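Here you get one chain, nothing else, as structure tokens; it is the form predicted on its own.
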């Protein structure tokens, strides 16, 4: 099924942040969104995740309007914000238990061969979040977001401030997620992540424009 964003509008006071944003993504694809800080990337992802309400537009999955059905939206979408949506005083295991909520069998299995296993969560399962590195927190955040196995995963700057090994582990998971038919939508400033994307869009002046990235980063920056 296709994930489609149709004419999303959002204004804050006098500033029109999103002005008719539209795109479509097919199963098994990664879509990247680039743009300057303040261009509206995080606002768009927050709307798609159901955190912010748009002033107009639709978000559909398989023909269903997700914005009018919180249950369908929650089932369809996993969201990893730029910050850390974790309880700092709890361990990785305790955070996962909250997200798996009553699915202890699923969690036990996933720690063996699911997303947490792929992201090596068992290696720091009993470490409190406050003692984790940035890469560990990001991997745990992704595992939590995928607890209900959504077909669409949204990520806001997933590689920001991570070391090379953490980026490699996360990118390997992204490839596996799309290989299995998932839809990945991410905002990024990290040029190596452009290579993961089947489509790249530039968000500028409230609108999305397809961008064919050819490795020329200065040209992309000049367009922002």
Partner chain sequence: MMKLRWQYLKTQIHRMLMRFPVLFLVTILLLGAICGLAWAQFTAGKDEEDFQSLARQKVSVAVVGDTSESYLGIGIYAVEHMDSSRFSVNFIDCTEEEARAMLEAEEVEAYLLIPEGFLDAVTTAENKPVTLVIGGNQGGIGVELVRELADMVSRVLTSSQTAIYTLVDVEANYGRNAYDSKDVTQINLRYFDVILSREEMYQKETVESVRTLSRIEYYACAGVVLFLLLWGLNGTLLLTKRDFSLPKLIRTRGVGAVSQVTAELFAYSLVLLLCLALCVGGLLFGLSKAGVSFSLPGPSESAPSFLLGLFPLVFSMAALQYFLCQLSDNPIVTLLVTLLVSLVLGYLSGCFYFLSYFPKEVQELQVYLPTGMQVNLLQSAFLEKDAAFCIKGLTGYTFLFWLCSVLIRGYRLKK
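If you're wondering where the values come from, they're calculated on a predicted model, not measured in any experiment. Residue numbers count along the first chain shown, from 1.
Another form exists, predicted in complex with the partner chain; not displayed. Remarks below refer to it.
- This chain appears without its partner; in the model of the complex, the one residue of 107, 132, 119, 86 with a heavy atom within 4.5 Å of the partner chain is 86.
- The partner is absent here; in the model of the complex, the one residue of 172, 191, 52, 196 having a heavy atom within 4.5 Å of the partner chain is 52.
- Although the partner is absent here, residue 124 lies well away from the partner chain in the model of the complex, with no heavy atom inside 4.5 Å.
- For the stretch 94-112, the set of residues having any non-hydrogen atom within 4.5 angstroms of the partner chain in the model of the complex comprises 94, 97, 98, 99, 101, 102, in sequence order.
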